[in-house]
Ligand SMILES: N[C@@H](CCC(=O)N[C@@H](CS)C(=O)NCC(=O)O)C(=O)O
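Next up: a single chain in structure tokens, the form predicted on its own.
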């Protein structure tokens, strides 16, 4: 039985729950990260010494780092589906996954934390404006990548879309006037027709508003 540790509305955990739902894998969920001290508990640090979520365990052992978990699940359970078997096609998916980790996630999380997770009286308007501009640039890069194809690695959903698309629902629903170009909009609409995306990513996140800690 697969086991997943993490708070289900955490950004990086959403990547994994979406993949699990997309492939149709059953798993046991352990709610870690919803209460103070969860991540520092010795029992959890024995799974991930970096004290970060998500963590996955199956019969092969323990895996941490969200994008690595996504790759692992797709390679093991959905070869030729979410995991492209042809090397160049797979490189297209992986380059977007690496870009998400190095650029998009950093920019969006900074915006989301400063605008949405920070109480209004404590917000830094200049920092929000800067993060919003960086996110707008990231979205335009996604739009360019989607200009000639429906998904980031080609004509079908792959693991490359998953980390990059987790932010979309929050980006357009957190109360800011955001950049939203046509190809990204069409991509989002395609994803929104998928049960797995709706049931995992497109969920309310109001409990995070103005909340810096759990």
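As the structure is a prediction and not an experimental result, all values here were calculated from the model. Residue numbers count along the first chain shown, from 1.
There is another form of this protein, the form predicted together with the named molecule, and it is not shown here; the text below is about that form.
The closest heavy atom approach of residue 11 to the named molecule in the predicted bound form falls within 4.5 Å.
Contact check for residue 53: a heavy atom falls within 4.5 Å of the named molecule in the predicted bound form. Mapping the unseen interface onto this chain, residue 65 counts among the residues with a heavy atom inside 4.5 Å of the named molecule in the predicted bound form. Put simply, residue 39 is close to the named molecule in the predicted bound form: some heavy atom of it is within 4.5 Å. In short, of 174-182, 22-30, 154-162, 45-53 it is 45-53 that has heavy atoms within 4.5 Å of the named molecule in the predicted bound form. Contacts between stretch 98-114 and the named molecule, counted in the predicted bound form as any heavy atom lying within 4.5 Å, involve 101 alone.
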